[in-house]
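Just one chain is shown here, as structure tokens, and it is the form predicted on its own.
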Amino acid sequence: MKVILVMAMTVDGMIAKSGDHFPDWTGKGDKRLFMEISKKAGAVIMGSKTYDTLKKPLPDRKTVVLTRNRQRISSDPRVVFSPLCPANLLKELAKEGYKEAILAGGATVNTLFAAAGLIDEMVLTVSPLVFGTGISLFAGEVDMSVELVEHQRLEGGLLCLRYRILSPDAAA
């Protein structure tokens, strides 16, 4: 299964000012891009803090929320709360017929997938903002080599960067 990390970030690498910072700063071009990519994949994986900032499920997509809190359940069939590790979660999604999944943060979930070597691509939308402090793309040490495969300007001064994650063998 292909996993694509799709995130908006500031030019100083922040994905939010704080854990409850609603992503209303990312611009229309970024929101349109995220919707297009995530609807194509059909499944979006995120952490519980990220999900809680959204306030509602993403339409026309399965939303999988990684959480250790086994008390969290959803009455909405589009939302699944899961305690599974990233590899097992991807196996379950593949059994359901998904070929791609979008990784939508936050930093802790991004780090779990990166540490397990499960991210195939990154699509980063860089917004012309500087937060100075906040939440980085990853929440811990990550060792990945990437290759830029595409870049494009989006409306509002946004820059979209698409990277392929190189295997450790290819990076050496």
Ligand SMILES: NC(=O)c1ccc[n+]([C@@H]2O[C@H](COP(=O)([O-])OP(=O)(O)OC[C@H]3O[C@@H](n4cnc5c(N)ncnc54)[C@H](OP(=O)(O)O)[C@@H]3O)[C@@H](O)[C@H]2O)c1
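Remember, it's a predicted structure, so these values are computed and weren't measured experimentally. All residue numbers are counted from 1 along the displayed sequence.
Beyond what is shown, the protein has a form predicted together with the named molecule; the following relates to that form.
Asks: Among 126, 109, 118, 64, which has at least one heavy atom within 4.5 Å of the named molecule in the predicted bound form?
Replies: Selected residue: 109.
Asks: Have a look at 23 to 31, 141 to 149, 36 to 44, 55 to 63 and name the one stretch with heavy atoms inside 4.5 Å of the named molecule in the predicted bound form.
Replies: One stretch meets the cut-off, namely 23 to 31.
Asks: Do all of 7, 69 and 135 end up near the named molecule in the predicted bound form, with near meaning a heavy atom within 4.5 Å?
Replies: The answer is yes: all three residues contact the partner (heavy atom, 4.5 Å cut-off).
Asks: Does the named molecule get within 4.5 angstroms of any non-hydrogen atom of residue 19 in the predicted bound form?
Replies: Yes.
Asks: Output the sequence-ordered list of residues from 33 to 50 with at least one heavy atom within 4.5 Å of the named molecule in the predicted bound form.
Replies: Residues within 4.5 Å: 47, 48, 49, 50.
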